[in-house]
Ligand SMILES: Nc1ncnc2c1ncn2[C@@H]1O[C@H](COP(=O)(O)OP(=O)(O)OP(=O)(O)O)[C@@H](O)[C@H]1O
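As structure tokens, one chain now follows by itself in the form predicted alone.
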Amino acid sequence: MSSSIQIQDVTVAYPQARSDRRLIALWKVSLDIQEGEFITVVGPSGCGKTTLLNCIAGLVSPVEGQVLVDGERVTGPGPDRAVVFQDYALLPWRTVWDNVRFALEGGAGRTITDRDERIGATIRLVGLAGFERAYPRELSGGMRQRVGLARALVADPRVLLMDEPFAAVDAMTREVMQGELERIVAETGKTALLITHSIDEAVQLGDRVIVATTRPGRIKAILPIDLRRPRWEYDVKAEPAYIEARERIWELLQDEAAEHARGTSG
């Protein structure tokens, strides 16, 4: 299986206001993500998880190292990568259909018929058939996030990047959305990376879980998750492999969480 994403010795630093110093967010991070793999990243707040996602998305440039997607160096955003944000980022004056269509506006090579067929198919894929003419204010949090997911998928990107996409929804909706996301990624064959604070979510969804350190963010461990798919079809949390993985990740994060709470990182 070929590598879809290669992260090679990536360091990211931000200038600090009123100072000549730089805040190092990521430090020499290297990781290969295989085509079609679902990677989850978990770690304490401020550990650079979102910065890593933004590097892959092309929204942030490393000061050292590089990110390659399908062998091409990332120098900015591109149609091969799509991002699902935590806060939905929907346009409130647009319907579900028009919010999803937004991702295709300005693009070439699609007829109106092809475009509309693609939009309709993607809305059905995320389970929003019948809500095409609804506005964001008329939708639940989970439904709004489905719109955000549809907008990311409609242009058929190779890579799906998700920054805590379920953090703003209630616990029951989150459980449902996790199963839906696993199904959608499996059906579309996307390479996926999801940032989360939840150990359970990381194990539930990931083929591998990346455990990050406190700032400056580094990879502390990479854990393969040996659980059969689809995981929404059985009580995955009762599986010994699930319990073992969860306990191991918590063990790895305990020192990081304590250090973050003391404010001694960075």
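Being a predicted model, the structure only gives us computed values, none of them experimental. All residue numbers refer to positions in the sequence shown, first residue = 1.
Here the subject shifts to the form predicted together with the ligand, a form of this protein not shown in this document.
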Worksheet entry | in the model of the complex, the residue from 211, 29, 47, 205 that sits within 4.5 Å of the ligand by heavy atoms | 47
Worksheet entry | Contact at 23, 51 and 164 by the ligand in the model of the complex, all three, heavy atom at most 4.5 Å | yes
Worksheet item: Does residue 197 reach the ligand in the model of the complex, with heavy atoms at most 4.5 Å apart?
Response: yes
Worksheet item: Hey, in the model of the complex, does residue 14 get a heavy atom within 4.5 angstroms of the ligand?
Response: yes
